[in-house]
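Just the one chain here, the form predicted alone, laid out as structure tokens.
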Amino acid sequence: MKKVLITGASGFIGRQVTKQMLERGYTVYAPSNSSALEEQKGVVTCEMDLFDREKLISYLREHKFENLIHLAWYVGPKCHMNFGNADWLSLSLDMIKEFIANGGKKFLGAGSVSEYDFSYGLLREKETPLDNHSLYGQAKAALFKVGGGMCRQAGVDFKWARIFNLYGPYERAARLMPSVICSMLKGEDVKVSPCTKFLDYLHVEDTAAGIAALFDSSVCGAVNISSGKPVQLRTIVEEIARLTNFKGKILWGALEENFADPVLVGANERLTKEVGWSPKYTLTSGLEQTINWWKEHLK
């Protein structure tokens, strides 16, 4: 029986990765201090605060997992400058150490586009410097370097899914696409930034499929989980307006831009050619699916 430990299995990305791994024949072990993950066949839940070091270590020693997908991290408000990133870095390194000590063979960590120096625009795994100004990006980059070194020294396969922008069901309502979708479905005026930036977006199911495919592949190291295609934020907002038949006002520039760099796109040759991944959704079909989900869950 194949089993995999997934931290953050109840999260936005985690619930989709869990689905992907179940479809690949794994039994998923999903420790969490949240009850957000639905009970389902093949998922073994356990109530646990990962920061309870003694309980986490005991759990790893009991089950002796050979496979670990580490997705859990703080991604709440102002996460990019939150000092809690240092706590997550420390916890993650302890987890890797104990995973290795108890027979671990394959580790995949959730990296981020925020590790990169954004001024390069086109971001490549083996070329673009990991020199981001955010604490979040710096902590992720440190885990990639130190955690990767620990795994390689111990002979453990180390895979690093460097995740770019994404959208889809269960995303936090305050994020760009959910906030625009919900406002348009309610017929409210839509407040957005100038939306002149070009970013790299994937539907969360395509992101999860990329992570699962990377985990089951022979590819190691960092792999961009990205579309490879920049799309202007204004285009996304206008497409949502078309799909929702929105007739109200879009208040361009009512909000400030989050960052100055005009283009951020991930080269994805490693993902498409080496891993063999391809997306299920186009931007339009992905937005349609997401809008339909929000229609059912809008309060």
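This is a predicted model, so every value here is computed, not measured. Throughout, we count residues from 1 along the sequence that is shown.
The next section is about a form of this same protein that is not shown, the form predicted together with a further copy of the same chain.
Next on the checklist: Since only the chain is shown here, I'm wondering whether residue 153 would be in contact with a further copy of the same chain in the model of the complex (any heavy atom pair within 4.5 Å).
Outcome noted: Judged by the heavy-atom cut-off of 4.5 Å, residue 153 is in contact with a further copy of the same chain in the model of the complex.
Checklist entry - Contact between residue 197 and a further copy of the same chain in the model of the complex at 4.5 Å, heavy atoms? => result Contact with a further copy of the same chain, no.
Checklist entry - Can residue 86 be called a contact residue for a further copy of the same chain in the model of the complex at 4.5 Å between heavy atoms? => result Residue 86 belongs to the contact set for a further copy of the same chain.
Checklist entry - Do residue 139 and a further copy of the same chain share at least one heavy atom pair within 4.5 Å in the model of the complex? => result The answer is yes: residue 139 has a heavy atom within 4.5 Å of a further copy of the same chain.
Checklist entry - Which of 201-209, 224-232, 124-132, 171-179 has heavy atoms within 4.5 Å of a further copy of the same chain in the model of the complex? => result It is 124-132 that comes within 4.5 Å of the partner.
Next on the checklist: Give me the residue from 187, 149, 76, 103 that has a heavy atom within 4.5 Å of a further copy of the same chain in the model of the complex.
Outcome noted: Of 187, 149, 76, 103, the residue with a heavy atom within 4.5 Å of a further copy of the same chain in the model of the complex is 149.
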